[in-house]
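Have a look below at one chain only, the form predicted alone, in structure tokens format.
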């Protein structure tokens, strides 16, 4: 499944400073849909190059990371159970900044 993933607010530093990633995510064998939970596991394995604990806590994103799926807050669409579709755009933005 082809997706566009965007990282901002400093999260791009965990991905070799690349903000936008056009990726193809394979569905796990036997599954007919891709959920955000599946995508986060894929991102941790394939995109995060350093300090994954700054992006994820357990199997979800850390508190302070805003997640948008097609410009809609994922909290409105089911969070980890949000089903993704071909060509969706998923944005991860850290809302925590040093001072």
Partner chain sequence: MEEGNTIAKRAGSRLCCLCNERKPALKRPKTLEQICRDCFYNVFEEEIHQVIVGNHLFKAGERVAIGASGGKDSTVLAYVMSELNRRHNYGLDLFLLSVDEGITGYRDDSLETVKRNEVQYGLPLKIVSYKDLYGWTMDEIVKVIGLKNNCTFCGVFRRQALDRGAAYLKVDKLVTGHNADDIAETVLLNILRGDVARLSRCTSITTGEDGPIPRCKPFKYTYEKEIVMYAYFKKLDYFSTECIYSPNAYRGFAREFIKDLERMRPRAIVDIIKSGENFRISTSTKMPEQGTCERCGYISSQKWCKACVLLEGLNRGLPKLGIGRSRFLENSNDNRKEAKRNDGDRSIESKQCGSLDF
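Nothing here was measured: the structure is a model prediction, and the numbers come from that model. Numbering follows the first chain given and starts at 1.
The same protein also exists as the form predicted in complex with the partner chain; that form is not shown, yet it is the one meant from here on.
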* **Close approach of residue 44 to the partner chain in the predicted bound form, 4.5 Å, heavy atom** => no
Answer with yes or no whether residue 75 is in contact with the partner chain in the predicted bound form, where contact means some heavy atom within 4.5 Å.
yes
Answer with yes or no whether residue 52 is in contact with the partner chain in the predicted bound form, where contact means some heavy atom within 4.5 Å. no
Spell out, yes or no, whether the shortest heavy atom distance between residue 66 and the partner chain in the predicted bound form is within 4.5 Å. yes
Those residues of 7-23 with a non-hydrogen atom no more than 4.5 Å from the partner chain in the predicted bound form are 9, 10, 13
